[in-house]
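So this first bit is one chain, no partners, the form predicted on its own, shown in structure tokens.
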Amino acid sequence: MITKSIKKDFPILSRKVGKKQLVYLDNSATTQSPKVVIDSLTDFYTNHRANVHRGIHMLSEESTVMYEQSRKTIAHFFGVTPSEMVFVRNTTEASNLVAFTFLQTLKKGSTVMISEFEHHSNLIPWQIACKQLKLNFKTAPVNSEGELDLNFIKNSDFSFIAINHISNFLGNINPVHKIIEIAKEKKAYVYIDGAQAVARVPLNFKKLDCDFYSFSGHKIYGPFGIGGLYVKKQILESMPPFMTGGGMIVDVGIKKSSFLKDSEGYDAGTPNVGGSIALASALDYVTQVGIKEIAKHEHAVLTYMYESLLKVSGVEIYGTKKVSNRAGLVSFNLKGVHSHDLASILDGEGIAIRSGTHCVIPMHKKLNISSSARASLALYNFKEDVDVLIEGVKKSKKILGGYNV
């Protein structure tokens, strides 16, 4: 059972915003890092900083060992081999990597499918790549609650589908197992954007049987600028390079070069060594707490937050009404109040939420709203944080909306 004492693991949670205690509810954008993760970064830059795979001096050898061990730790966390775990800066880079390498292997005229409620980073790369590679681009519709039309997917022809595991705007958990099953029947490939799922649900990429799965380290208590892309080994070996240069080569000639075929084939240039080590530390921390315990705890707080917001008159919540099929976040609007104004008032109360379109403009257009507020949870949030949020929303309503509470 996760208790409030866990907040002590996260130094930033002790700070104040003005005279108010920080209540951090912007975890879908970025989770905070525990001290052990921060210490791992400090230790690397203080005691071991050197380039990897480049030297035989002690610091370089230490750095190399730590870097390669981090890849093993991260791969093990997700049930895959290190040769299948590609380091990227974030989920956005992962989408671009697959769009501009793997899609080259598809025949012209093949169809790429996404859904209507994808984050821009799981939309724009496919738009551009399809145009450049002369591939067809198809969108799977969703209803007003963000539920996918599985019949449309089942009855459509496509060679590749890119879908989020959990919507960063609506919080809906997509039926990725069913989507993968449908895709396999069509001999199509599946890319999962796991940015919102990675810290919220237990994951084993092998058992999931997707072809690609991406995530960002800063979404799972790790540092900025590091993430992972799982690629099935047989697919990785057939993909062309993404970025080229030192570190990912087998041999180099003046007119021709050859490249590594496993995950190291995507390590062009000096990698984010410190970031990878800190990401591994973050996953060790999650393992210690227990991902199943985190999921259980977060869902209990989510249910309380969803039900509490529903009780505030004038609040409209987006996404599925089935809380059992929702994870980690609630996006909403307060009638007559712009989401930025609401977020500003809440900031004055020490409450950090997100406001805007959350990089999901098409779905906001579909719902005919210009923006929304989003409160999102992590393992260090409790019902008391939700109570502060609710009081802040009511205060915002008095100040900005002129309604009785």
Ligand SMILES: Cc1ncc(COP(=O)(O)O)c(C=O)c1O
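As the structure is a computational prediction, the values presented were derived from the model and not from experiment. Residues carry their position along the shown sequence, with the first being 1.
Below, we turn to the form predicted in complex with this ligand, even though it does not appear here.
Across the proposed site, Asn90, His119 and Lys219 without exception bring a heavy atom within 4.5 Å of this ligand in the predicted bound form. Remark: Asn168 counts among the residues lining this ligand in the predicted bound form, judged by a heavy atom distance of 4.5 Å or less. Proximity of Asn172 to this ligand in the predicted bound form falls outside the 4.5 Å heavy atom cutoff. Looking at Leu229, you'd find every heavy atom of it more than 4.5 angstroms from this ligand in the predicted bound form.
In the predicted bound form, this ligand sits within 4.5 Å of a heavy atom belonging to Ser28. Partner contact region in the predicted bound form: 194-202, out of 194-202, 263-271, 78-86, 175-183, criterion any non-hydrogen atom within 4.5 Å of this ligand.
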